[in-house]
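Next up: just one chain, as structure tokens, the form predicted alone.
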């Protein structure tokens, strides 16, 4: 049996590493090098970091260890939050290269080979040698938000948010804490962030439905706290698309995995843990793609549903609501909340509703979670 994987990012290479014992695997990648351009903040949970050790020496990609987060309201008020797990800041270029090297030991990798069309079990691709065709039994679209496989085979598409990020001189409040900036002044439907990579450098960015560039400039120049700590030297600029909302990712002889399927946490935009688990379930159930889908959604469907309800709050809350929430955050126990498992946040919901004094704010929280 032959499986063709389109895309050599983590979704593609982790799939290859979980399939090679069950199929002849060929991976197509349109670019010359993996991980370029960077489209990721590079923050994963400590649990995800440990899981990646099964596949490569991920310690080589480690840049910083994260203990928790500062949550900021638009006025500059903040609360310090520490959850059940910490985080790890990684260099995606290194991680992607290591995973590709490992996948190359068990699968055929065709770099600079762009898939142009998909029809049934036949792929048309262009490489430096020219255009050619290949037939395969299973097709896996690990080719990101602009997935050729998804478009060619008529898969549903997730909503796409846009992100812009700078690697910039920045003075973090604490080197081991990320910072999250909420409010409609700094994003349409999401939030801004800073992820420290050293004592004086951070990845500062914004994810938004539209115009992240304008929101990022406003964050850097007018946020009451960020503007006091951000330098003017921009070392690197990264742009990326963030899919929100998992889609029906399995067809007749094809499946989507990773960003192409919307396999990201809807409330943070992070996707490595979810796609890693998807690749493992795929390996367990291969070649039964429908059983792959059933098992993956059995394990993670609830997490996607609750994650989307949390993300819905970004649309519902106004800037005053965030000030109110920051004011009561110290009375909430976050110690059992796992950053990869939004369902764990439900434990804090009853306590949150009890201590909110603002009826309008309570109503908004209930509106987001009404159909649980």
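Positions refer to the first chain, counted from 1. Note that the coordinates shown come from a computational prediction; the quantities given were computed from them, not determined experimentally.
Keep in mind that the form predicted together with a small molecule is missing from the display, and what follows is about it.
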Notebook entry, point to check: Since exactly one of 158, 192, 269, 87 fits, which has a heavy atom within 4.5 Å of the small molecule in the predicted bound form?
Noted result: 269
Notebook entry, point to check: Among 282, 242, 123, 99, which has any heavy atom within 4.5 Å of the small molecule in the predicted bound form?
Noted result: 242
Item checked: 4.5 Å heavy atom contact, residue 342 and the small molecule in the predicted bound form -> no
Notebook entry, point to check: Does any heavy atom of residue 43 come within 4.5 Å of a heavy atom of the small molecule in the predicted bound form?
Noted result: yes
Checklist line | 4.5 angstroms heavy atom contact with the small molecule in the predicted bound form for residue 34 | finding: yes
Note to self: I'd like to know if residue 140 sits close to the small molecule in the predicted bound form, meaning any non-hydrogen atom pair within 4.5 angstroms.
What the structure shows: no
Note to self: Using a 4.5 Å heavy atom cut-off, which of 223-231, 71-79, 180-188, 253-261 contacts the small molecule in the predicted bound form?
What the structure shows: 253-261
